[in-house]
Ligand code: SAH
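Next up is one chain by itself, shown in structure tokens, the form predicted alone.
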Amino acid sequence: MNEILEKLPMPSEKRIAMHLSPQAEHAVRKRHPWVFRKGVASQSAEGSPGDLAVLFDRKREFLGIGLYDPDELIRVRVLQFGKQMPVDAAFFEGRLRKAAEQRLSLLRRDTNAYRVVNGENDLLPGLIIDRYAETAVIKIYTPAWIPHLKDIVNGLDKVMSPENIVLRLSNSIQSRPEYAHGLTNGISLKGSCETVVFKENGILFEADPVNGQKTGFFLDQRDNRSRAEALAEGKTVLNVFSYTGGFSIYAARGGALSVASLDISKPAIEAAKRNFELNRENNKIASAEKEFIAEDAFEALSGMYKAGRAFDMVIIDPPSFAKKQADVKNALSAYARLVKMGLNVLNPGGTFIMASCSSRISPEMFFTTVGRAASETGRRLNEIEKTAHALDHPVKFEEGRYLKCLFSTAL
């Protein structure tokens, strides 16, 4: 076992008895995975991140058990509802094994990269595990996981036996080093943490598990990339917020005549070039005309419109514009601007693909905003399909529902 893990604190044997407010009690009965600070009516003792909180209702009946964090707005992340059972190494191994088994069908799709654990939605709240070939990347969003990290790594070894395990820490943990116990973002818990090449639906990509966005790649858009591929034949394509070229390469394999990849990040653009090179043996990918643009999306779209450029397919997959509730209004405004600017460079009858990855923007808000913005440009969108989460990104509570995408034809 890695000596880093051996130095981490052991899980405390202390249990914090916690009585909840009526509102929080109702939420837990509905299997909501979070107990907020204001939902705690009383607790038996103070504790440290990772202590187990045992939840009770007003009649002192057991509700659930979860990981305690004394400083976070989310005070408890619930692991088990309604039935008492020991939370130990066997518990975590069982959760990991169940989550992994639910993703086995992906391996039959010429794919060896996917989300193994999707946090709350796999009853391991605040914990993400992504697989890239023989590398597993664990990302934790609360220091409450640190005392249990050894059990997670041991369980992952038994379930998947990855050659490499990399740990990513959320910004909130990095800002609280007193709880990190020497762990740093991107640290290797097993093997190496080098860039890895993986396969997704037969296409090769590289992922940087230490410095890449999320855990190294946007695995959640796998199915939408395939949908774009099926619509790309014979088209000129613009991929906005292209990151490392995921949609671009799928479009090229789908028979696109040309693909322009636009992203403000020069390192992302360079990675996109490398990803195209990884797939040079595919004739369609190799023959598609390629353009790489490292520029701000809004400025580039404006410049293209002024220059009279237009494409047969425009894909817009922006970052989350609403990281907090106060951002929602501005986020909707940004989506509307992007729709208008994207349609300004889309040929009549062209394919328009627009996505959102913000949980604070509901599907209704997003699709309404897209439709209204299109109307204001004098264009009408004929819906092809609306999509949400893939198999490896299940959703079991409302706040976990973040991804939505519209495929349409713009008249």
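Being a predicted model, the structure only gives us computed values, none of them experimental. The first residue of the shown sequence is 1; numbering continues from there.
We do not show the form predicted together with the named molecule, though everything after this point is about it.
Site residues R131, F198 and G212 are none of them in contact with the named molecule in the predicted bound form, judged by any heavy atom within 4.5 Å. Only one of 186-194, 318-326, 89-97, 108-116 places residue heavy atoms within 4.5 angstroms of the named molecule in the predicted bound form, namely 318-326. Contact annotation for Q221: at least one heavy atom lies within 4.5 Å of the named molecule in the predicted bound form. Proximity of D122 to the named molecule in the predicted bound form: non-hydrogen atoms within 4.5 Å are absent; the residue sits far from the partner. Under a 4.5 angstroms non-hydrogen atom cutoff, the named molecule in the predicted bound form lacks L257 among its neighbouring residues. A residue is said to contact a partner when one of its heavy atoms sits within 4.5 Å of a partner heavy atom; R103 fails this definition for the named molecule in the predicted bound form, lying far away. Of the candidates Y141, Y179, Y243, F292, Y243 is the one whose heavy atoms come within 4.5 Å of the named molecule in the predicted bound form; the others do not. Of the residues given (L278, L332, A297, I74), A297 alone sits with a heavy atom within 4.5 Å of the named molecule in the predicted bound form. Residues of 264-294 lying near the named molecule in the predicted bound form, listed in sequence order, are I264, S265, the criterion being any heavy atom within 4.5 Å.
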